[in-house]
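Only one chain is shown below, in structure tokens, and it's the form predicted on its own.
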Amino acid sequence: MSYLPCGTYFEAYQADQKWWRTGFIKGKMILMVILLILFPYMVDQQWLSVAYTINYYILAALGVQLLIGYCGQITLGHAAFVAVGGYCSAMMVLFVPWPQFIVDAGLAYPISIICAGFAAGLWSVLFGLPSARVKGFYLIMTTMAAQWITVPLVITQYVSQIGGRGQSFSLPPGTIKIGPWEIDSDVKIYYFSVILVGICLVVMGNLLRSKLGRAWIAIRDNDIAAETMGVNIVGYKLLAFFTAGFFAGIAGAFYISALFFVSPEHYEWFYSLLWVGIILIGGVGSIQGIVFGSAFVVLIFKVLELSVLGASDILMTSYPELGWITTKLIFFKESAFGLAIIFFLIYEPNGLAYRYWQLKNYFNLWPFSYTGK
């Protein structure tokens, strides 16, 4: 069956829950994989960095989507858990006295990624404990506390000072490698990000289809009704915080491969807001929404940056006396992000994922789509 016509139903639960239910979908996925593989050969280095930045935002926003979109727990401190992952991975690569055979096999960095996930997950559980007693606005405040305690206090004042490093940890060339594969170029960083995003999306998709995911969704929809049906509310909420923190730790560990150093300024509170904004723009409660929201935000920032730089060059060349305007244009980028959130909340509160779903439905029903007239 190449497509799924109206009136055709699956007769088994396993068939209905398959990832790729038709030949057409399999074809689309194969085409997408081919495009992802060929992408580095179709663009220059600038757009390659944009691509792996989108993937980094997807990894970081996965946990936010899980907490807000699927478990109904609000978070505004997710950058703290990404920071824990980044610092944990960097410190394990730099300071752990690995046996020589692990270093030779290139396993130090892969092991540090897993440990970063667990460290960030456990740190997230610590700040998720208040969710057993409070929710809504009060939970927002407790997750914000995670940001203020973790980055300005724990990391900046104590962790960053280990070894007399000051603020940041630099990773020497050759330390970021997986087996014999040394990640030392933008092309390799891009492929590494694609692999990580693919694995994390599959893991999250399967979690949401399991008993665990159904419990999270039940808590989101009505926690009192879920508890009445026997769902352990506190246990499942803490599992959601752990899983969200785990994804954040993976994101933090990945990003050190792109920057080759880690610093507190990479985890400012703005990023916690940014990742919430990404799921609002992409669509709350949708895995596709994470991808759409991340791509939208990064591309908007990039296009505005290029536009502002272009306008600045023209002004400085043709009208040097108007140079003061160029400094004002710099702030347009962050302003555009705020305006985009306001626009989506007013005109498209279900996000880009809902618009994509409507578009697919239109073509599925074409030429007999119901117009409502």
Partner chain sequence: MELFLQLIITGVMLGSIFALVALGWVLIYKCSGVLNLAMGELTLIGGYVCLGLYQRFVTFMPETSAFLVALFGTMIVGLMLGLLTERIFLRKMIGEPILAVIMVTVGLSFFFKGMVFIVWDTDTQVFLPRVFSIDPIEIAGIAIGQVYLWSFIAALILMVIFVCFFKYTRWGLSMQACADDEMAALSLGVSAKFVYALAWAIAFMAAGVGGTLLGNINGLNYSVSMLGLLVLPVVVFGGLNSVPGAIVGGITIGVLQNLTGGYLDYYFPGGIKEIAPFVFMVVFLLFKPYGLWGWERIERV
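Numbering follows the first chain given and starts at 1. Remember, predicted model here, so these are calculated numbers, not experimental data.
Form predicted together with its partner chain: not shown, discussed below.
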Checking a candidate spot here: are 134, 338 and 347 all in contact with its partner chain in the model of the complex (at least one heavy atom each within 4.5 Å)? yes
Within a 4.5 Å heavy atom cut-off, is residue 319 in contact with its partner chain in the model of the complex? no
Contact with its partner chain in the model of the complex for residue 269, defined as at least one heavy atom pair within 4.5 Å: yes or no? yes
Does its partner chain come within 4.5 Å of any heavy atom of residue 142 in the model of the complex? yes
Can any non-hydrogen atom of residue 157 be found within 4.5 angstroms of its partner chain in the model of the complex? yes
Hey, of 85-93, 287-295, 99-107, 144-152, which bit sits against its partner chain in the model of the complex at 4.5 Å between non-hydrogen atoms? 144-152
The unique member of 234, 303, 224, 162 whose heavy atoms fall within 4.5 Å of its partner chain in the model of the complex: 224
Looking at 314, 342, 42, 34, which has any heavy atom no more than 4.5 Å from its partner chain in the model of the complex? 342
Heavy atom within 4.5 Å of its partner chain in the model of the complex: which residues of 255-294 meet that condition, in order? 269, 270, 273, 276, 277, 280
